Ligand SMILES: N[C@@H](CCOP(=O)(O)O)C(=O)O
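Okay, so here's just one chain, in structure tokens, the form predicted alone.
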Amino acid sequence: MVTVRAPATSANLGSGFDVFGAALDRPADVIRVEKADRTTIDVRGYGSEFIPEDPADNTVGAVAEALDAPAHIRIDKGIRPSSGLGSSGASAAAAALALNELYDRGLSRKELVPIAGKGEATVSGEVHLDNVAPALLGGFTVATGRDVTTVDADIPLVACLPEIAISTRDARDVVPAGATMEQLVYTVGRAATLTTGMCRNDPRLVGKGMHDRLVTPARADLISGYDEVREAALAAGATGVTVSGAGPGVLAACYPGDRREIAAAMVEGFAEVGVDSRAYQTKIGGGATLHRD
């Protein structure tokens, strides 16, 4: 048996739509795989009742097919589906790493990224690497096509997850079809600022670089209380706030000593509009970890 723990991730980070991603040190999914004649899937844990166990409809089933690695796969969900925290990406990444080890396919983690991306396509309808790349490789990642660059950043974060469900497909439907030159220049500047902040481990620059005038406002409209939560987090010391992935999770960058106060402020911000939530005091962390029993 092979066991893999794969972390939650946050994609886009505001200015890096479909390109930027970051691994979080918590929460995480755990997957266990054993060889079998055909693939079967058993899902347990957070939100498991909403996840199909038919391999044709599950992210890990697509990964097993891509690797020609049938297995009995048990998924223990620590990351809620439809959270904006890379739930499907974590499972796909964990399955890719576990099955590669189980069947001794000999692929590197970077080579597994597009394979895990095929699993993501089961949920979003398209192959996206901005969640599976950090889940496998850790740190802050820049995914452009099949090319992935990683930065071993150390940035404190707070991820606040409201009890609201937004599907990835619905969140993609609201993304504007085009951008003005002014919007393009602004976004490039913010993305460059964020990347510089990651390379320097500077929470101020990372937070400044999260601001986005194009995709984030459209997705924020789907999240009840987003504006209140953003203002509460900034008032509590956050250096920047944005929608995590497709949402409804909200991500704040900050300095280490401010996480607790920011987490409480974000939960209170959602409570003010009648929405329950939970906050994770986290940071950019490592990629999936593997253990062979």
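Given the structure is predicted, the values throughout are model-derived calculations rather than measurements. Just count from 1 along the sequence shown to find any residue number.
In what follows, reference is made to the form predicted in complex with the named molecule, a form of this protein that is not presented.
Peer 1: Can you confirm whether 86, 128 and 246, the three residues that make up this candidate site, all sit within 4.5 Å of the named molecule in the predicted bound form, judged by heavy atoms?
Peer 2: So, yes: the whole triplet contacts the named molecule.
Peer 1: Counting non-hydrogen atoms within 4.5 angstroms of the named molecule in the predicted bound form, say which of 150, 216, 168, 100 makes the cut.
Peer 2: It is 168 that has a heavy atom within 4.5 Å of the partner.
Peer 1: Looking at 136-144, 178-186, 78-86, 206-214, which one sits within 4.5 Å of the named molecule in the predicted bound form if you count heavy atoms only?
Peer 2: Correct option: 78-86.
Peer 1: Residue 110 versus the named molecule, in the predicted bound form: is there a non-hydrogen atom within 4.5 Å?
Peer 2: Heavy-atom contact with the named molecule at 4.5 Å: absent for residue 110.
Peer 1: Can you check whether residue 105 is within 4.5 Å of the named molecule in the predicted bound form, heavy atom basis?
Peer 2: Output for residue 105 is no: heavy atoms all beyond 4.5 Å of the named molecule.
Peer 1: Does the 4.5 Å heavy atom contact test between residue 11 and the named molecule in the predicted bound form come out positive?
Peer 2: Yes, residue 11 lies within 4.5 Å of the named molecule in the predicted bound form.
Peer 1: Any of the heavy atoms of residue 18 lying within 4.5 Å of the named molecule in the predicted bound form?
Peer 2: Residue 18: contacts the named molecule in the predicted bound form.
Peer 1: Though the partner is not shown here, which residues of 170-204 have a heavy atom within 4.5 Å of the named molecule in the predicted bound form?
Peer 2: Residue within 4.5 Å: 172 only.
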